[in-house]
Structure formats: structure tokens, C-alpha cells
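The chain that follows stands alone, in the form predicted alone, written as C-alpha cells.
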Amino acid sequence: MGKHILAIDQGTTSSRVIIFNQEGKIVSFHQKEFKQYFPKPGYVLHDAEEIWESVVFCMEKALQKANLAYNDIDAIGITNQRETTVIWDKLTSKPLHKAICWQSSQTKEICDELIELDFQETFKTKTGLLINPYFSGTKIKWLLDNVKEARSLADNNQLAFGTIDSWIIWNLSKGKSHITDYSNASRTLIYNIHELKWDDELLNILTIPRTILPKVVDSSGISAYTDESLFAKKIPISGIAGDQQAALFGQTCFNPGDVKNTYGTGCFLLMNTGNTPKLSQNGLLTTIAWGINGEVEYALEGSIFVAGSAIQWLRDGLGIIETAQETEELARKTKSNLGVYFVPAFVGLGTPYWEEDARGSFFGLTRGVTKMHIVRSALEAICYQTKDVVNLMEKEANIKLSGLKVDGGASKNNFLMEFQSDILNCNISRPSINETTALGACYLAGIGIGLWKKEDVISKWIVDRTFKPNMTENKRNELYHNWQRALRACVAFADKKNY
């Protein structure tokens, strides 16, 4: 039957499992959404046990669809929503509190205090990140400070912290392995990306005990095994990467200057910068792309917090669409946005603004506006935000973008990709296998067990469709100028000192 890799792709709103064969082709797929919790404005929480249950469910269903058993799986690769923070009891394997999602802004006061104490440059220099509620470090501090008995349990070496990869591996190994990989560690705000270690100074500032932290391992290579009681055999876990780094790998962006954009819950644009970390002066993040054989490669990243989740809001919050797929047809029913601009700052603005107080806003509404214009403005907003990041990345990396590789669920929307090509004025390449996040985990896992070499997977990347720009420069400039006006108005509204 050949070799099979099981890729767990644990995302922000759903878990999915994809089984790949030794050619890197999809054999079967299953996906399951899980509940989002919004207890207060700006708070976004997940139930870690629900996440684990959804992963197990998807594994079982994917195997059934492929007519395979766990005995047929040669390795497991894991990719995950990054920064989302879980703290659990090592003795019971029970979380102390709901997981704090990367989108949650509940640690804003902690961040404000750290910035006021002039720690911004200390964190940025060591981690490549900005002090922001987005990252795990302040979420860990919040949990330790606000959950009853958390500090005393931590003092007794009874607690474990993990991003979602660590939580899944802990459960797969029945508590035998408490690990994370370089890419996920680099998103915590407490990992020194130059010295490749948890940083004592940053841990002291955030009052985080070292004993709760996972061991950091390579992104590719056998780093753990599943417990025999789960699957009647030990399956090697040989690929681990945060979702955006996994997508960069799945898109075979192996050379410095290669760029991909993932259109998921958020939107994440990454550029491979090779063996050298490049620190941004204007709001881009410096991150570890992956670590293989103890050698790491770095990336520059622009993070857009709300992309596909804006479409989910149109469906679940406003109820003006029934499925995300409808948005393409609805957007095509209008010749323009009718002057409507939507800034989807539900949880603040990411790169390059980092305005956590900003909130979602519509501008230019008139009586003539219909749901088609609302839908179109939401799709266009994803493209404008991407242009904001691309403009900055081109300036900082001193290169002109010649093309962009795209992936993620929303990249299947042809209207979105056409408009993205128009507003960026460059070619957009969508691969034949759109699930590049899971594919990256598969490649890392396959390389980890010696099934492939890094150069082998390059030939597996095949273009499904190329989108070419078809917009005048005047029109492009007009649309983008109006977007920037809307952004400035949104940010001004967030500034309470103006009133």
C-alpha cells in the first residue's frame, strides 16, 4: 500500500486531518468545527479538551474514509494555530482554564504596563516580536495570575504550558512528551530566536517559571511517539510546525525572498529570509521558519488578525450569507463596492499598525448599499490589508514582489484572488493542493522519517491557476487611497483622547 503520513491541522475554528500517500497526494480528509467562546468584548477562548476530541474524531473519520487503520500510518505531522495558550495539570492532564486564543486581546493591560516600563525593545531584540496580546507570553502570565491555585501548582512543578502542538502531543503520548518545535517556540514572546533558548530575563519580567515550559525540538525528525494504548502501536511524530511556517514549507518557499500568503481565519504573509534573522523597524515580525537538524531558518511575517473570520461573521453574526462559498457570486453581482469600505478590526489591527484598541468599522454606507456591497467590501478588505503588509515588506527587504504564492480556504474564492492580483499589481499563484498547511506538516514528517529529502518535495509543487492583474493604475490608487482613509478613521475612533 506504500507509506502514509497523517497530518493533523489544528486551526482556529476547526480541526482537520488529512492523510497523504508517499507521493504527497491526498488520500482522505475530514474536518470538524469546534465552539468559540466570547465571554467579554475582545476575549476569544477555546476549550482545549474539545479541541483534542475534535482531533481524535477527525483522525478516526479520515482513516475510515481511506479504508486504512492506524497500523497503516508511518508518521504523524502536526501543524497548529499558533500563540493559543493552554496550561494543564501534569498529573491529571486537565486544563486549568479555557485556552486563550491568539485572537484574544484580554492581556492588553499587561502589555500596556510592560510597554510603559520600557520593555518593548528588550522583547523585540530577543524574540523578533512586539509586546502585544497576540503572543503567548502575556497569556501565560494572565493565566498564572488569574486562575485559582495556578501559581501554587506551578511552584510544585505540577503545571505544563503549551501551544496547541504541545497539547496534542501530550495527549498523543499520554503525557510522556512535553515538547514544542522551534517555529512555535518563536511565537511565545519568551524564546530567544538568536540563542535558541527560553530567555531567563524575559521569563523573570513575566514571572513565568521555567518548569512549566516544553522542550524545544526540531520541526522535522522523530521527536515523540504515540502511546501504544491509543493505536495499538507506537507511531512516530516526526513533523511539527506552526500553521504559517508549515504553509511556507508546504509552498516550498525554501529560498530567501520566497513569499506566501495564507488566507485563513487571519491572513499571514511570510517571506523566507534564510539563516539570518532580519529585525523590522516598522511593525513586521521576525520569526523562526523551521529548524531541521538543529539549523534554523528565519522569516519576516506580516500578521492580519481578521480575514476569513470576517466572512464567518457575515454568516454567523449577521446571517446575511449561509455559506462562505456564496461570497464569490454575491461580490460579482456588483460592479463596484459603491464606496463602502470595511475595516474588520474585531480584535484590533495587526501589521503594520498594531492598534489593539481598534474595532470593526464600516464607512461610506448609503441607502443604496445592499448585502452584495457588504460582502464585497469584506472580501476587498482582506486584499487591502495584504497590500499594507506587502508594501512594508518590499520596503524593508528591499525587493519588489514578482509574484505571490497563496493558500488557505479563502484562496479558493476566485473573485478574492482576482482582486488581490489587481490591487497588488502582480501575479498570484494558487497550487493544485490548496491544503498547504497540512502539506507542510506532511513534508516535515516525511523528511523526518527519511521518506523524502527537502529537495524532493520541490517537484511536487504544482500550480492550479495563475491570476494576473487587470486594473488600471489610477483605479488601483483610488481604491487603496480610500481604504487608507477608512483605516485612519477607524484608528481615530479607537483613540478615546480625541473625545
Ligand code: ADP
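Being a predicted model, the structure only gives us computed values, none of them experimental. Heads up, when I say rigid core I mean the largest set of C-alphas that superpose within 1.5 Å between the two forms. Don't overthink the numbering: it's just position in the shown sequence, from 1.
Separately, the form predicted in complex with this ligand exists; it is not shown, and the next lines address it.
- At a distance threshold of 4.5 angstroms between non-hydrogen atoms, Ile237 is out of contact with this ligand in the model of the complex.
- This ligand in the model of the complex comes within 4.5 Å of a heavy atom belonging to Gln312.
- The closest heavy atom approach of Gln325 to this ligand in the model of the complex falls within 4.5 Å.
- Among heavy atoms of Ser429, none comes within 4.5 Å of this ligand in the model of the complex.
- Stretch-level contact check against this ligand in the model of the complex with heavy atoms at 4.5 Å: of 121 to 129, 335 to 343, 402 to 410, 360 to 368, the positive one is 402 to 410.
- The partner is absent here; in the model of the complex, the one residue of Pro133, Gly221, Gly302, Gly308 having a heavy atom within 4.5 Å of this ligand is Gly308.
- Note on the partner interface in the model of the complex: the residue among Ala150, Ile73, Cys253, Leu379 having a heavy atom within 4.5 angstroms of this ligand is Leu379.
- Contacts between 241 to 269 and this ligand, taken as any heavy atom within 4.5 Å in the model of the complex, involve Tyr263, Gly264, Thr265.
- A displacement of less than 2 angstroms separates the C-alpha positions of Asp89 between the shown form and the other one, with the rigid core held in common.
- Superposed on the core, the two forms barely differ at Thr207: its CA moves less than 2 Å between the shown form and the other one.
- Gln120: CA moves less than 2 Å between the shown form and the other one after rigid-core fitting.
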